[in-house]
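Below you'll find only one chain, the form predicted on its own, shown as structure tokens.
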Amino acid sequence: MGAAPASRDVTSYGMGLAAPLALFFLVFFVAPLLQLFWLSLHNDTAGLHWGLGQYLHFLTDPFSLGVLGSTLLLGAEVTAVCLLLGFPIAWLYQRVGPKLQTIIILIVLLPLLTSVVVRTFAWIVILGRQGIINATLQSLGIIDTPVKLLYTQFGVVIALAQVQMPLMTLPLITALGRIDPNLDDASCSLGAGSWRTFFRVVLPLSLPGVIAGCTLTYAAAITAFITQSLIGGGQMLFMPMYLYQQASTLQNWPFAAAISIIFLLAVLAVVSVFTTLGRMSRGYGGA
């Protein structure tokens, strides 16, 4: 009889602790988002006409759709690069001693300890026509004239991959650390080679970490306004800069609000796909 009142007291206490966070979330996230959606329903900048004109404008404009597509593609490219480079690092981390693990984790976390502006300007120096890469290639006689690396898709992908690498590597390290090392030995004792053990044992069990890393990396890469703008320059346009131009330069706030809502929905759709894959991978890994 006394358990029920105690349970209610614990629930009430928990709700009381969560109330300030819920209020903060409501005031600083839900309310601005609703205001943004309300603004996007204005068909003109003066706010005299209402409707879905801004959304129809975006969805029927090939240029706007091209910007959205290039942004989503950029996120996929950055995520793929981070996965290809981050997985070996995470795998190596689990197979070295404590001292080397400390060095590896320091290297992984180093980008997070530096301002994103500083990192981006460093990549401008590295990728420039007189930068480290072109200077090295010319000194080795591989190229005669500098290769254009800055203000290209390749440059943006490489810079973003370095910036977002910790978001991929850390979940992979956690996922690989949960795999029982004896499974590798058991697989090898049953006649499986290293590659077969990797694809049949290690990779399936690490899929939750892969999905988590891909989700974090993708969401961060496509919204990285500073890196996209500085490395891409004026020759490449992605959704964050497109939104900034409409809001600050052209003062077209209703269209900028519509761009924000569409971009948010696109990101949520991709994240939902990753979430679904994550649930499937947990079931597959558990099997």
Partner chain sequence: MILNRRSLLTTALTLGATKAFPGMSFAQARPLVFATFTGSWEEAHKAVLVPAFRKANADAAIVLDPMLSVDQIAKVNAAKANPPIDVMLHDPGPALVAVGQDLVEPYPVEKSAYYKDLIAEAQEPMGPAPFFQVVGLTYNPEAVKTPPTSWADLWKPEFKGRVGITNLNSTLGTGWLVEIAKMRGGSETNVDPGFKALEELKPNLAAVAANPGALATLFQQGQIDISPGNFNAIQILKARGVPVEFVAPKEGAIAFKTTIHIVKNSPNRELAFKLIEAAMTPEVQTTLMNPPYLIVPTNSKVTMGGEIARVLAKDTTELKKKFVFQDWKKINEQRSAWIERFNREIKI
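Residue numbers count along the first chain shown, from 1. Since we're looking at a predicted model, the values are computed, not measured.
Just so you know, the form predicted together with the partner chain exists too; it's not on screen, but the next bit is about it.
Examine T223 and determine whether its closest non-hydrogen atom to the partner chain in the predicted bound form is within 4.5 angstroms.
Because no heavy atom of T223 falls inside 4.5 Å of the partner chain in the predicted bound form, the answer is no.
Indicate whether D44 is a 4.5 Å heavy atom neighbour of the partner chain in the predicted bound form.
No, D44 stays farther than 4.5 Å from the partner chain in the predicted bound form.
Indicate whether the partner chain has at least one heavy atom within 4.5 Å of a heavy atom of F154 in the predicted bound form.
Result no; F154 lies far from the partner chain in the predicted bound form.
Though only this chain appears here, would S260 touch the partner chain in the predicted bound form if you measure heavy atom gaps against 4.5 Å?
No, S260 stays farther than 4.5 Å from the partner chain in the predicted bound form.
Would you kindly say which of T114, Q130, S139, S194 lies with a heavy atom within 4.5 Å of the partner chain in the predicted bound form?
Filtering the options by heavy-atom distance leaves Q130.
If you check L68, A219, L237, L39 against the partner chain in the predicted bound form, which one has a heavy atom within 4.5 Å?
It is L237 that has a heavy atom within 4.5 Å of the partner.
Contact stretch among 169-177, 211-219, 119-127, 95-103 - heavy atom within 4.5 Å of the partner chain in the predicted bound form
The contacting stretch is 119-127.
Thinking of P32, F58 and A256 as one candidate spot, does the partner chain come within 4.5 Å of a heavy atom in every one of them in the predicted bound form?
The answer is no: none of the three residues contacts the partner (heavy atom, 4.5 Å cut-off).
Residues within stretch 138-167 having a non-hydrogen atom within 4.5 Å of the partner chain in the predicted bound form
Heavy-atom contacts to the partner chain in the predicted bound form: K148, L150, Y151.
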